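Coming up is one lone chain in structure tokens, specifically the form predicted alone.
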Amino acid sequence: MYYLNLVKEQAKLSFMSLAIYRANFVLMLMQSILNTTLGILCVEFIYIHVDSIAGWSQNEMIILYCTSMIVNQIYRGLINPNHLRFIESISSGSFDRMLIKPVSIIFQINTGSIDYSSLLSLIAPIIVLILKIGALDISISGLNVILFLAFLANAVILLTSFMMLLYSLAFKHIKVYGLTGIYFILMSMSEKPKEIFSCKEIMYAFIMLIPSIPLAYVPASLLLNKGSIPDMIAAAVSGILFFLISISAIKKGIRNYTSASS
């Protein structure tokens, strides 16, 4: 309950900040919606020339893309602003104040500011996803939806843990802002179906090393009755492993952390 109350207060503060910079909010919202629209149009243009890609039809591929966008926007709305604040605090010395607060450091790293424009831009991919599901001649049960939501949550946790692991390198005085490029590569690869990887070793690398496949492919395939138990197990194991490894990396970094003021 204590942490829940903290989240509520953080949400209120972020909303107050939003009220001050309303023009910036509108611009960011328009940019997010435009990015979603352009991405969907790119898929539409590709399917003018082909009927399917790796066994995925046009509507299925758009559903996969929208799933990737949903994971992306949730991370950008709830987690990314706080990750950027975290790495900035290490170089500026304000991380010291985080250490003395009576709140879990992992909680502080991942919560705080909320980007409402990213959260509201979830509306576009969700609407398109629902419309494309309705256009498919398949039966989707309540179990499909539950599994989709469960592994969507797993994807957000996995993405958060992976980026937290990368940003833990900031404790070694490395300029980690350049590592955000890996984030964009990760999200770009998550829009692709697993079947395009003819080499199994590469496919496994995108599950356990650079975990792009579990981010969108697994939830989308479960929603479309294309999923499998091995895929579910691999995604869950990947999420758990990266979560534990990232926490360990943060704790190790804190032990080696030297205050910027010293």
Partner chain sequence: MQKYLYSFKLYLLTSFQYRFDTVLGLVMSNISIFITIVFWLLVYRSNGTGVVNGYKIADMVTFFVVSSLFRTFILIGSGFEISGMIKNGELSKVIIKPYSINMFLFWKYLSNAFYEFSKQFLFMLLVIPFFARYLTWDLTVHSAILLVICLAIGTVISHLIWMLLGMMAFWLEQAQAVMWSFAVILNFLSGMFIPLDFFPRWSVKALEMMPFAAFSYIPAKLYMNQLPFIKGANLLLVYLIWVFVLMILNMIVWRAGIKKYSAIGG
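Positions refer to the first chain, counted from 1. Given the structure is predicted, the values throughout are model-derived calculations rather than measurements.
The same protein has a further form, the form predicted in complex with its partner chain, not shown here; the description that follows concerns it.
Shown here without its partner, the chain carries H49, S188 and I196, all of which come within 4.5 Å of its partner chain in the model of the complex through at least one heavy atom. Comment: its partner chain is not present in this chain, but in the model of the complex one of A153, L119, I182, L165 has a heavy atom within 4.5 Å of it, namely I182. Put simply, of I53, I62, I70, L224 only one has a heavy atom within 4.5 Å of its partner chain in the model of the complex, and it is I53. When its partner chain is considered in the model of the complex, G134 lies well away from it, no heavy atom lying within 4.5 Å.
When contacts are judged by a 4.5 Å heavy atom cut-off, C42 counts as touching its partner chain in the model of the complex. Contact check for A205: no non-hydrogen atom falls within 4.5 Å of its partner chain in the model of the complex. With a 4.5 Å cutoff on heavy atoms, L38 counts as touching its partner chain in the model of the complex. Of the candidate stretches 74-82, 188-196, 91-99, 110-118, only 188-196 has residues with heavy atoms within 4.5 Å of its partner chain in the model of the complex. Although its partner chain is not shown here, in the model of the complex the stretch 143-169 places no heavy atom of any residue within 4.5 Å of it.
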